[in-house]
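In structure tokens, one chain follows: the form predicted on its own.
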């Protein structure tokens, strides 16, 4: 199958996915009990009359039928206009850009940490199968899998900010410091604990899957032959096992983008981190449909691109997949 054909097929899948996700999100928001006008007015609700409420609803197009609002929004999206956020009163694109720049470092550090730690833990557990190290790693992974992300965040916050005041309580920058005076060290210091907490989301899956895959590889006949030639330990894994266990690890690593986005929503709430996750919660709880729809489209594209990168990486790592593509062509 030729590369242009693959790209066209992936583009069609992305368009279909965006259509389904945006439609479902709009239906859920339209049937939400949250009153966008009341959320927009906030504490001044008692001082705003019916005429003013009607004027606000007309200004934001909230007095139109849901179907008409959806197609109005869709036609604006086709023209490249994502609308204006009701909460921030800024263009949706600017809000997403600002919030994403705060979240991208957090997401990437957590993504890299979960991948490296999970892969290394899985390899160590498989090489020391049946020992105390293997049992500790398995217990650790099972405990992580059954632990809600927000609860782990609260525990780490309690441990490292209350009992051991090593890290700040929350936020993305120090309190009382002007934005132009905040250094990258201040931002990194405030990001360490949220990034570590968020990385816990993907460690257990990658570690357990890598462990099982490496145990299967180490039980194969060609590994027995390699051991007969004198290879052992890391040298054996590096030469004969790495390629076989790397592909499933990459699969889980790129598939964890969606989990990271879901975890970021909770973690940014726990640590009051001003990123895209916190903006998602605010948009959903305050009826900011343009902002929420823009975030949904952006996050869907982000996750889809991550999965596509994994798919193209397979072709480089695994020669069997390259031969399959040649055969399909």
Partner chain sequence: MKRSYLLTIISASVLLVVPLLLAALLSSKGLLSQLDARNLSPSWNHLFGTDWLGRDMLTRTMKGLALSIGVGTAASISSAIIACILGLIAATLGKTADRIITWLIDCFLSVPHLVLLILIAFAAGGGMKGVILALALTHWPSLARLLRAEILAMKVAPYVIISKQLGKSSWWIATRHMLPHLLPQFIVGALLMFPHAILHEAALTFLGMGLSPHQPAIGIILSESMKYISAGMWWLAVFPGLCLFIVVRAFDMLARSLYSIIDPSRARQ
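Numbering follows the first chain given and starts at 1. In this text, all values refer to a predicted model and were calculated from it rather than measured experimentally.
There is also a form predicted in complex with the partner chain; it is not shown, and the following applies to it.
Trainee: By the heavy atom within 4.5 Å rule, which residue out of 100, 189, 150, 116 makes contact with the partner chain in the predicted complex?
Mentor: Exactly one listed residue reaches within 4.5 Å, namely 150.
Trainee: Just to be sure I understand the contacts: of 81, 94, 134, 212, which is the one whose heavy atoms reach within 4.5 angstroms of the partner chain in the predicted complex?
Mentor: Of the candidates 81, 94, 134, 212, 212 is the one lying within 4.5 Å of the partner chain in the predicted complex.
Trainee: Are 87, 199 and 308 jointly within 4.5 Å of the partner chain in the predicted complex, each by at least one heavy atom?
Mentor: No, the candidate spot makes no contact with the partner chain.
Trainee: Is residue 261 one of the residues lying within 4.5 Å of the partner chain in the predicted complex, judged by heavy atom distances?
Mentor: Yes, contact at 4.5 Å.
Trainee: Does residue 67 reach the partner chain in the predicted complex, with heavy atoms at most 4.5 Å apart?
Mentor: Contact check for residue 67: no, nothing within 4.5 Å of the partner chain in the predicted complex.
Trainee: With a cut-off of 4.5 Å between heavy atoms, is residue 57 one of the residues that contacts the partner chain in the predicted complex?
Mentor: Heavy-atom contact with the partner chain at 4.5 Å: absent for residue 57.
Trainee: Would residue 77 count as a contact of the partner chain in the predicted complex, using a 4.5 angstroms cut-off between non-hydrogen atoms?
Mentor: Residue 77 lies outside the contact set for the partner chain.
Trainee: 108-116, 190-198, 69-77, 139-147: which one contacts the partner chain in the predicted complex at 4.5 Å, heavy atom to heavy atom?
Mentor: Selected stretch: 139-147.
Trainee: Which residues, if any, of 247-270 lie within 4.5 Å of the partner chain in the predicted complex when only heavy atoms count?
Mentor: Heavy-atom contacts within 4.5 Å come from 258, 261, 262, 265, 266, 269, 270.
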